[in-house]
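There is one chain below, alone, in structure tokens, taken in the form predicted on its own.
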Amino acid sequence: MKHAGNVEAETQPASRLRAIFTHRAIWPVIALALIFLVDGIISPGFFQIRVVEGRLFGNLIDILYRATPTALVAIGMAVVIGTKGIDLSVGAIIAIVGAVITWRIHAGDPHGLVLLIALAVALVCGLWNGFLVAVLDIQPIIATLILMTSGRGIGLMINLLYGGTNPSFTSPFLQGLSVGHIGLIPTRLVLFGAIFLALWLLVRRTAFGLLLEAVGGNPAAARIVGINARLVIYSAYLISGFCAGWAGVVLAADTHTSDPVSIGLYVELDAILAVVIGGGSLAGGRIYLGMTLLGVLVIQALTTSILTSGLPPEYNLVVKAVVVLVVLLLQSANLRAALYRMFARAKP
């Protein structure tokens, strides 16, 4: 009995350690910690935060600040992926929203109304994607590819509505939402916090979240129990379009110009990577909003680190791809099982 007790006592720490290292959050957290550790070594003042002209400044604040548009897109993407879908059109929606904002401001509309029109256009884009996927049963990657390839062209056509010769605009109201600050905190962080909280409450504190995951996990079974899978999928693409619309507002107001060709370029790839780094599966069935946010921070922290280290910007995509690959490999259950077996055989 004593020997059995000793064996049990020895295996408990090992079990707890294994539980920690198999948790989906541990590897993104370790990756983020390692990135910050390297930053601290390369740049001793990396973690310094100061107050300048009544607002917070510093590398950590800059990471959060610049991560906001991607984070807005990524949480919407997490909902769509949770239904076993994908949305490649989010960058195009950002471009369209920016063009609409510039067009309506040039037309003289009140800027509060411009914001509502821009978000309504983003919802229409989400409605279009939802119609193709939920009603016409087109594969999500193909359905959203249609708007992805045409959206930036639509943005350029919208620019032509006011001549397209002066795509810049001035809007203290919209720019306040993007580059302003409330007390010491950048406004866009407060805006993101409100949207994230509302979406988290919707997904985690209402039956709608269960419906999303049920449809993503097994749509046939969901239909059998009476869930309107088409309506749920429709709603997911509306949420994705709405979140991308807010990202478009933030980015357009930040640069106060309409540039459909480059605004939000490749944001869909960063958003998908953030969801996957956060433990989400393209097979659907689960939605991890908090983990998705952690994935966004890993991507943005890596980008900021490369820029502050003095490396040429060309290294950004390559280094980002390598780090993301390593994190995803460490999250692989098959790879972890193989490593455990290898270590077990190596023990005397």
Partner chain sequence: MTARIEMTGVSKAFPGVRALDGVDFRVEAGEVHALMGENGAGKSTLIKIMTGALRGDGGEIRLDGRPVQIGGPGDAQALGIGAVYQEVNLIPTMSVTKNLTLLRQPRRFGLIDWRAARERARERLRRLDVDIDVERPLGSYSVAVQQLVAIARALEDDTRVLVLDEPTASLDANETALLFKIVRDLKARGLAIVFITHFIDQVYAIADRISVLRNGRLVGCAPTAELPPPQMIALMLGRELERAEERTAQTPSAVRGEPILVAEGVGRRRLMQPFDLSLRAGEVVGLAGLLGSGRTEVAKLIFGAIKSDSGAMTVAGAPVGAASPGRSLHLGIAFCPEDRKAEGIVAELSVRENIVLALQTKRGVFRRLSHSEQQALADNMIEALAIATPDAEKPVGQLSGGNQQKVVLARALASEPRILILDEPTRGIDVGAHAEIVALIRRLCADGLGLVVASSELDELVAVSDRIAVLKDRRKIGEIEERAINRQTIIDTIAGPSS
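Numbering follows the first chain given and starts at 1. If you're wondering where the values come from, they're calculated on a predicted model, not measured in any experiment.
Form predicted in complex with the partner chain: not shown, discussed below.
- You can rule out all but one of 256-264, 212-220, 91-99, 75-83: in the predicted complex, only 212-220 has residues with a heavy atom within 4.5 Å of the partner chain.
- In the predicted complex, the partner chain sits beyond 4.5 Å of every heavy atom of Ser150.
- Residue contact check for Gly279: none of its heavy atoms lie within 4.5 Å of the partner chain in the predicted complex.
- By the criterion of a heavy atom within 4.5 Å, Leu199 is excluded from the residues contacting the partner chain in the predicted complex.
- Using a 4.5 angstroms limit between non-hydrogen atoms, Arg55 is distant from the partner chain in the predicted complex.
- Comment: the partner chain is not present in this chain, but in the predicted complex one of Leu123, Ile146, Ile227, Leu177 has a heavy atom within 4.5 Å of it, namely Ile227.
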